[in-house]
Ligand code: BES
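One chain comes next, on its own, written as structure tokens: the form predicted on its own.
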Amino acid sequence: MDFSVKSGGPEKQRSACIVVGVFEGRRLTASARQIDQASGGMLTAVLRRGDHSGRLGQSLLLHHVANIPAERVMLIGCGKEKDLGDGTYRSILANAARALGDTGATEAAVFLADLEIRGRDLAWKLRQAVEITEDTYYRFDQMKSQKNENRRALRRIVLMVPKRSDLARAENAVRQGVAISAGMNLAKDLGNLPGNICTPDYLANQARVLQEEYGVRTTVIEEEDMRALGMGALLSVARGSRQPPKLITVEYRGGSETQPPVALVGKGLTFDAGGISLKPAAEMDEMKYDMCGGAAVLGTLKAVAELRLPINVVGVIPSSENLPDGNANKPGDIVTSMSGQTIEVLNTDAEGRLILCDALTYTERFNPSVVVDLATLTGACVVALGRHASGLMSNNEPLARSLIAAGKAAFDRAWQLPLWDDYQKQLDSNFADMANIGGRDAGAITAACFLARYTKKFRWAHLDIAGTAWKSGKEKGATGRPVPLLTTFLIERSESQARAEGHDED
């Protein structure tokens, strides 16, 4: 989809379709009122007849509206004006995108930025418009023998702003939305691919594609190198698979040479059967999504590279499969991590923390300013928070607050859970330095407590995305989260660093 911005009134736009909003109670938005006045009250007449009530989710397409040069005018229901908030606005955008896709219009001028949302500015509304539209039109048909031939006619969307003075800010918002959507689409594609295609080697090759496209530096650590580095935890998970494990690093250098990078560490389990502690058969196919953390790291790096942010970022992705085999981890096995700490494997299905702990230790060599790991780590987090918020735990409160704020700004929200030392006792082992599970209670927190033992040398936050990385049921598919949260966090961090550097020069 091609997105652009433009200023001007709806009554003057020569477009295949103009999109305006209508609230319940026959209340026209500002842009809709302009069309109504120019057309001699045609919209008011339509509403009075009961053809459109303004109900959320309702749309009505009008052709050849009097005195309006546009071929069509689409009315989009906005619900009750007093209920208009972030979530409702996103629903309005999605409804508009779906309705436009059912028309024959090749382009459309969208006048929905005039909706007043408390605490949200024009830039936020335009960025959301891009991201929601791209998400609505996303399709994954790579593996189908017959592609979707019913391609939408819509090719271009013009996002309208009130004043010419808004254009520069609007164009930057659209640019961010396009970049974030591209990163999300990459993460979705990787997540939706089946495990027999998206293997650790495939993930590594996708990282190499980023190197070719954007000039980032991609390095792939092979099994023999891991053995030399002492990555006993990561290697133990891969023992049951015929696919060799990979440790993928991608370095984006947009900042100064002396600027410490932000490190993103993403779990890249391309299929998780649970190992010897075999998962139930029902919905096991969804364990292809256990690499969504790694996919989101690649997606975020793509977005950052598209935006050419003046910041240094390194992505680290430990990748393997977790399958049952005669050589696989067994409950009761003890392995030695790269840090030298020993781990008693009480449950082989708690494997994500085993590959992440070695990746976190490896990340030390980059001397990062902060480290954020993201993983589809625990079903316990889904039980605690459902599918709406990612779980966040951190050893640094300023970092946690920054991530939570970025999630709110991006509408890719996270909720902080405690990381108290009280929980560490649940990981005690009679035979090793720690166990890899802490029992049924507080499973998401004890998983983070396990990782915390490998992050004492840096400011670190953990995002458990088990509930947010994909959807089940009729809408099954990867979501691309938390690419918006992480990209927003990096945008704001780069802007903050630029302000600090400018202040130092003064």
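Just so you know, these numbers come straight off a predicted model, no measurement behind them. Counting begins at 1, following the sequence as shown.
As for the form predicted together with the ligand, it is not shown, yet the points below apply to it.
Novice: Would Asp349 count as touching the ligand in the predicted complex under a 4.5 Å heavy atom rule?
Specialist: Although the ligand is absent here, Asp349 would touch it in the predicted complex, with heavy atoms inside 4.5 Å.
Novice: Would Gly379 count as a contact of the ligand in the predicted complex, using a 4.5 angstroms cut-off between non-hydrogen atoms?
Specialist: Because a heavy atom of Gly379 falls inside 4.5 Å of the ligand in the predicted complex, the answer is yes.
Novice: Does Arg127 reach the ligand in the predicted complex if we count a contact as any heavy atom within 4.5 Å?
Specialist: Looking in the predicted complex, residue contacts with the ligand do not include Arg127, since no heavy atom lies within 4.5 Å.
Novice: Counting only non-hydrogen atoms and a 4.5 angstroms cut-off, does Tyr454 reach the ligand in the predicted complex?
Specialist: Result no; Tyr454 lies far from the ligand in the predicted complex.
Novice: So if I measure heavy atom distances to the ligand in the predicted complex, which of the stretches 227 to 235, 293 to 301, 266 to 274, 310 to 318 falls within 4.5 Å?
Specialist: Looking at the other structure, the answer is 266 to 274.
Novice: Indicate whether the candidate residues Met287, Ile437 and Ala466 are all in contact with the ligand in the predicted complex, with contact defined as any heavy atom within 4.5 Å.
Specialist: All three within 4.5 Å in the predicted complex.
Novice: Under a 4.5 angstroms heavy atom criterion, identify the one residue in Arg239, Arg208, Lys279, Arg72 near the ligand in the predicted complex.
Specialist: None of the other options qualify; the answer is Lys279.
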